[in-house]
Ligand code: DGL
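Shown below, as structure tokens, is a lone chain in the form predicted alone; questions about how it binds or moves come after it.
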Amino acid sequence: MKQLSPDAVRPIGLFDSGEGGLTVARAVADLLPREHLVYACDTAHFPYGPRPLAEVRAFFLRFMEFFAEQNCKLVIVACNTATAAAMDLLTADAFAIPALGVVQPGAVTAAKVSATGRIGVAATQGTCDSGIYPRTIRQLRPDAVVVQQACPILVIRAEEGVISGPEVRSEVERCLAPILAERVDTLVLGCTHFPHMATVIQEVVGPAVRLVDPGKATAAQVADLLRARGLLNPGPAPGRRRAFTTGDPGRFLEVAGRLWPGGIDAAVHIRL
């Protein structure tokens, strides 16, 4: 039996531009309930999608310093745009703290589960422009046909905590129409905000299209990595879940309470 490291009780850091990454945090908490989570988001600069990737990369690097100060044992880049902006650093293990993004796990799952190889990706403009999903999926499955669509309005709605209702359904239908016209059988929710409205999205795309939530695939990868390194928190108590935001912590908790009831213990304002 692999001996547990004393570092196992250190927290896992999660980074996003806003509240979208809570879908990843929730997936990690469901799979690894004893882990302490430090969720940090840059709502002062939200949204990341329209910003140049070089700017997003600079924001992310400042947060990596913050996670080091928080003594995190692992960092999850719970933002597809930030993952695209820093993919070279993530794949090169360029940080003192192990860090991984959500794109690779999502791409692996999509390439595996698609029966026809026709895969849609709903994402931010920045993620679409980077081409990271088509490139990564085709590395895994060269015959794949990958169709992308930027859905910025859905990012805004999720950040507002508005994830259902007639208006949201209408916006989902309009955003996904170009993808569905290409007869995809798999849809990657390529922004961590989108799983918040997965129920509406599934209703719109129908049962023949399989949704891929990269957050869930990332949580499974995190569990494997921590287990292999002897870093799983042995517990026995449930982990603490703290949030830090460059925006208004009160508003963060209000929206988080709608998106993940009871999921976050406290939120604090930070300046980075």
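Each residue number is its position in the shown sequence, starting from 1. Keep in mind it's a predicted model, so treat the numbers as computed, not measured.
Absent from the display: the form predicted together with the named molecule. The rest refers to it.
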{"query": "Location of the named molecule contact in the model of the complex, chosen stretch of 175-183, 92-100, 122-130, 109-117 [non-hydrogen atom, 4.5 Å]", "finding": "122-130"}
{"query": "Single option in 76, 137, 187, 155 placed near the named molecule in the model of the complex, where near means a heavy atom within 4.5 Å", "finding": "155"}
{"query": "Partner contact for residue 46 in the model of the complex: the named molecule, 4.5 angstroms, heavy atom", "finding": "yes"}
{"query": "Sequence-ordered list of residues in 72-111 near the named molecule in the model of the complex, where near means a heavy atom within 4.5 Å", "finding": "79, 80, 81"}
